[in-house]
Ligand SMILES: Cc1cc2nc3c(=O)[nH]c(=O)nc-3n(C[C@H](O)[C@H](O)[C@H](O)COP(=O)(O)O)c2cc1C
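Before any questions on how it binds or moves, here is one chain, the form predicted alone, in structure tokens.
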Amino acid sequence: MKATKDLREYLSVLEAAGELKRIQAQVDWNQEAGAISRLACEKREAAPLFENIKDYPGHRMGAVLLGPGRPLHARIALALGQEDKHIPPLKLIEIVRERFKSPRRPVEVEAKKAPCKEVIIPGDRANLLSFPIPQIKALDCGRYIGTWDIVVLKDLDSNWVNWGIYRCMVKDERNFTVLLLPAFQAGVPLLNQHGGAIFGKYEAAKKPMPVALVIGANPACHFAAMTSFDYGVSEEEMAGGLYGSGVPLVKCETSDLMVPADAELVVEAEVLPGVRVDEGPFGEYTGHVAHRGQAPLARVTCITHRRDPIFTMANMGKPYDDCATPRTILHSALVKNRLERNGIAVKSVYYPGTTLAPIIAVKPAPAVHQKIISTLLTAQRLLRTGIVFVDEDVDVTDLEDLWWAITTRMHPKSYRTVDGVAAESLMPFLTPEERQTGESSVWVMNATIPYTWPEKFHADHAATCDYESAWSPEVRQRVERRWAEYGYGNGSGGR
């Protein structure tokens, strides 16, 4: 089934499913909209669409549009075209896995047919502050135009185009920062951001880098931009796989970059080589503020947008937000596909939104855990802090089941660390030394029963005692058949 075609169709789908709340009371862009949307995340309320923004009459702003719903992944399911928002997460992961295997080339459309070109503002008349760019948190250093965004960059040495979600802070009417972390830090290569590596090439050549900041594209495009694909993988084509057909793209006015034709707003700019300005801190996806320092500066060359554009914002924080929620599905699918391609069969993979560490259910075998770790360490930001291994009878989406496995099956000596891995620079636990070297560690928790144990020893000391395992099928069937007779209602027993 095809994903929603653009932001406006997606908003209609959300509203019909009870996942969107139109707010007509006046709301201040300065922190109030941020506080409302953050509380909506934490209370699992519908995503707010602000229709009366202080100082910006006639403007609208949607917030946390891919955030936690009821159930958790409701909005992700709806964005991917599923009629049932209650689809189980493991089934949703399988749907995404298959779509990742079928990327689709984008389709170029004429500018006159592109909604994002309905209004064109040349650079000398551009004013970023004419849009309701929010100050999201009191902890943030300023107003951020890029949170639920797509930053489009093109590699200097090839035709590869990168889509990424990079935070962008407004400095004034014509300038904004882009947090492009350097490809090298203290001489050590950093493998955790493609945009920084691309910008490093332009800067070395002393050339300005064309960039397009896209706001409010079709959700499949945002899904692709936030997924940690390998260097050189086309997010344009992966978005097409998620969307179900080639994504319509249109050429920018001031560069050769191609952007989603149905976007609400596109800011074209050049990132200036050798220029750094103050940026941060900003409340990040880790649930902590991160990065107070210098960032590259982009100067606006043109703005295009739809008539009456709908601005969008994300709201990072703990435990769930509109980054963590979709990534529980996207990265789980990506990792399972990667392991499968490398000949490693696992039952299930899941990144809980409350953690940045994957839980992998696997049948223990010689060296299988180390093979998985090695495979993920060669990937783009798929093993950031740690990893948990569990047996195949554990539900990786159930944190109670996970904690039961860790506290009963993991031998204390099964916890270890792997040192000398690329540091995730936004993590709050990094020491000053690790921030300089660019190296840190990841932890490993192995909560699987050793495959070397004799079968009888396992049965005598570690057999699982739950409804499915500790009674015969005949007894379970009898209990389920008589469930109502016992006085437990009309439904059948069991799980």
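Note that residue numbering begins at 1 and tracks the sequence as displayed. Keep in mind the model is a prediction, meaning the values are calculated, not measured.
What follows is about the form predicted in complex with the named molecule, which we do not show.
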Contact residue in the model of the complex, chosen from Val259, Ala298, Ala225, Ala79 - any heavy atom within 4.5 Å of the named molecule: Ala225
Sole residue of Phe389, Tyr350, Phe311, Tyr166 within 4.5 Å of the named molecule in the model of the complex, by heavy atom: Tyr166
Full three-residue contact with the named molecule in the model of the complex, heavy atom 4.5 Å, for Asn162, Leu181 and Asp322: yes
Partner-proximal stretch of 127-135, 205-213, 108-116, 323-331 relative to the named molecule in the model of the complex, 4.5 angstroms, heavy atom: 323-331
4.5 Å heavy atom contact, Met238 to the named molecule in the model of the complex: no
Close approach of Arg75 to the named molecule in the model of the complex, 4.5 Å, heavy atom: no
4.5 Å heavy atom contact, Arg99 and the named molecule in the model of the complex: no
Heavy atom of Gly195 within 4.5 Å of the named molecule in the model of the complex: yes
Within 372-390, the residues that have a heavy atom no more than 4.5 Å from the named molecule in the model of the complex: Arg381
